[in-house]
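Heads up, the chain below is alone and in the form predicted alone; it's given as structure tokens.
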Amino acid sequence: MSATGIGASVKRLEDIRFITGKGRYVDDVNRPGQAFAYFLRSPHAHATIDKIDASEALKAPGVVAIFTGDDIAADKVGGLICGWMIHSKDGSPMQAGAHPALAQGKVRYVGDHVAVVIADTYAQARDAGEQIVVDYTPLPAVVDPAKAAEADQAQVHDAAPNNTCFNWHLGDKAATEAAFAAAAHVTKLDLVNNRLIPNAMEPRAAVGDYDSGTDTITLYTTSQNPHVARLVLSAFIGLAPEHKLRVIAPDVGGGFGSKIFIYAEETVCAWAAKKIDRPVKWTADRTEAFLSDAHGRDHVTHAELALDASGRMTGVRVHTIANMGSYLSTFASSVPTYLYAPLLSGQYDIPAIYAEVDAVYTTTAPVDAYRGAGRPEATFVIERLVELAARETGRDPAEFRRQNFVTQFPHQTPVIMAYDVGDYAQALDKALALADYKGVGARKAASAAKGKLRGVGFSAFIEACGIAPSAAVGSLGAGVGLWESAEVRVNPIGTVEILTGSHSHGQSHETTFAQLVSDRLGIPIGNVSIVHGDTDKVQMGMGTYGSRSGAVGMSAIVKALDKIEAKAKKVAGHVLEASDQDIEFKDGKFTVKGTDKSIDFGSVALQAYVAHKFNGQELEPGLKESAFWDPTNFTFPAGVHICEVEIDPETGVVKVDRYTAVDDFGKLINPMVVHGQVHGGIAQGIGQALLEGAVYNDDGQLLTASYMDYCMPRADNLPSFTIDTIETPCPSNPLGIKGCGEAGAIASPPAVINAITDALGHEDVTMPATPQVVWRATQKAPLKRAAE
């Protein structure tokens, strides 16, 4: 292994600019003559818009224009779309209510977009916005997803009776019912997966810029997938033809899923720039982000696990109510369906599974993918069930899991997924050793001597990443293919530019992608540059989410590098006067087999462009190749996380005392980057388990709309993590990569809650397990466990 090649912990190349303040984010983009947008947002969760009077606001200083939903409708600009079609159990398509970029006739959540004011400065736009008079007729709010479909609830969308988007199911109901009828023991659990608000360092922002000379629109936006943004804005919303619309996502300060989607603000900024023939800029303040960024999770679930007399799992039965919020966001419908239910098998060999999901509308912010997107919700269900079943039947939670692990691969689950490789017992053994599981009893006794409660919790997670073969996702309702593209441009002096459709917003592509190229071509890592995030530079791509950058994005690069090597061998053969079949390439040198005749990669690149040594009719000059990679299967990262907590029963404060994670991510390109991704994911998961939760009151007002009320994890909430990996290379991509970006956020919430419930001796704890929640739980008598 070279010092900069695959497997080396190379320091992140992009950090030089990030930590010195030299990054270039959307808010750093300023176009000549730009104006600023302020969005007037609904103060009501649910109301009709009877009248909008902007007459006084139009007279305010600096105001350029004020637009409402009527204006955008008059220009025949389409509404925002959901790109994944789900069908209900009866075969009917999901009921997707209209989602205009500016509200038309009705608002459906606090923060809904009512009008946009464009002025010379942002302060002027905001001041003018406060002078707009809107007459509303308030309607009853719909807040509780568990009640949203009841007959007495207000109707959010006329197109969706009983506020129901779809009633979906997956699995074999009859086989599952039979498993439960024959069960020796059934574990039942009611769960709430709390609503989360993504909080990237950089709020969302957009700059729309129209060039009347070429009739083109350029949109700078905080996006995880600029090509998909261009596709939706062009083909579905109708802003401009693709070749007249350029989307640039420069440095993006975190996404976590919330920047995958196409939002109203960027749509309006791009449209308004052409309307007024001036650039239009908008940057969210933090309260706007809390109100209008897509939220995550928000499931209400009843789950059951069937066991036979020997403790083997025989069936899982799940009913989930999934809150979609007020509108269907870009990928919202896929999250509680195909990104959720197919993972309910976990790491376990369960013969029968049946899941029902009722997706409902409420008068709250739209809900869509957030780090893990469906996989954390599934893991929380199955790992809480498994832990409780072990307790109810007097089994050690580690050995109960081991007894039920999948051990033969490939393994076809009863809910779509075909697991390719894995070694779940190896990860468990390593985690048990690193966590000193044998010493838990002594540590519990030591805590008890101090008047504290100590508990240990497990989470044996699996996820499906590399979201995944185009034919497969197409059959499941996806509106796009989920391949990835790459182009490798070798310059005459041997430096290399990689154009990738993946997008980096914290994943370290500029380092890890360059490591791959350095390793493959035998050139210094400094000779490689990574280009992404610009639809005029990279022809097409599907962006970054679902831990797909390595497994799919880097695989496309590998395929393009294969073509580069094949052509370079032909060039080297001409120069060295040998057949390309006799050329070997290793460590940056092309050598004629069995001789000392060789030429380095840089010289071959020069010869490819000089083209003196070969006839251009038989070998084209230049050295540039492209490739598309469509994966053959999902990838299946898996692992075992063990959390140990200590609780102060007098205050309810939970201290995460120990946290151990052993993950199988397949081949690691840069272990340091992987560990950083795991650290961040665990921190987010602990945040969900202990601190974070979006709360709406009965009127649909968001009570957690600032950091004063929405608690994020901080350093003193976290221990020093013990992190390690095992490796079973993935067979469905050329590098053996599985993906690491979401694992920590998927595995940690059930591990933490399992530890808390172990300490308390009962299951009556909800997320977030704040000190108040935990203190109240300590007042309840512990349940008598089967082993006691």
Partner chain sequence: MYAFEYHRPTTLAGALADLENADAKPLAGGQTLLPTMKQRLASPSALVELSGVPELSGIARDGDAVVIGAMTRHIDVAQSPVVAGAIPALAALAGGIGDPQVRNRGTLGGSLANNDPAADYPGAALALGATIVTDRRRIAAEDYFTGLFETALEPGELITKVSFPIPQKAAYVKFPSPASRYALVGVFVAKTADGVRVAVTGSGESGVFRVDSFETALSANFSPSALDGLSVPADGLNSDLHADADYRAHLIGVLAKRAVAAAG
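Residue numbers count along the first chain shown, from 1. Keep in mind it's a predicted model, so treat the numbers as computed, not measured.
What follows is about the form predicted in complex with the partner chain, which we do not show.
**Message:** Would you classify residue 593 as touching the partner chain in the predicted bound form, given a 4.5 Å non-hydrogen atom cut-off?
**Reply:** It does not: once the partner chain is placed as it appears in the predicted bound form, residue 593 has no heavy atom within 4.5 Å of it.
**Request:** Give a yes/no on whether residue 775 approaches the partner chain to within 4.5 Å in the predicted bound form, heavy atoms considered.
**Result:** Residue 775 belongs to the contact set for the partner chain.
**Prompt:** Given that the partner is absent here, does residue 287 sit within 4.5 Å of the partner chain in the predicted bound form, heavy atoms only?
**Reply:** Output for residue 287 is yes: heavy atoms within 4.5 Å of the partner chain.
**Request:** Flag residue 714 as yes or no: does it have a non-hydrogen atom within 4.5 angstroms of any non-hydrogen atom of the partner chain in the predicted bound form?
**Result:** Flag for residue 714 set to yes.
**Message:** With the distance limit set at 4.5 angstroms and only heavy atoms considered, check whether 250, 487 and 614 all reach the partner chain in the predicted bound form.
**Reply:** No, the candidate spot makes no contact with the partner chain.
**Asked** Since exactly one of 429, 242, 562, 127 fits, which has a heavy atom within 4.5 Å of the partner chain in the predicted bound form?
**Response** Contact check passes for 127.
**Message:** Give me the residue from 90, 650, 577, 75 that has a heavy atom within 4.5 Å of the partner chain in the predicted bound form.
**Reply:** The option sitting close enough to the partner is 650.
**Request:** Heavy atoms, 4.5 Å, the partner chain in the predicted bound form: which of 715-723, 751-759, 734-742, 63-71 makes the cut? Say which one.
**Result:** Only one stretch passes the 4.5 Å heavy-atom test: 715-723.
**Message:** With the partner left out here, which residues of 385-408 have a non-hydrogen atom within 4.5 Å of the partner chain in the predicted bound form?
**Reply:** If the 4.5 Å heavy-atom criterion is applied to the partner chain in the predicted bound form, 385-408 yields nothing.
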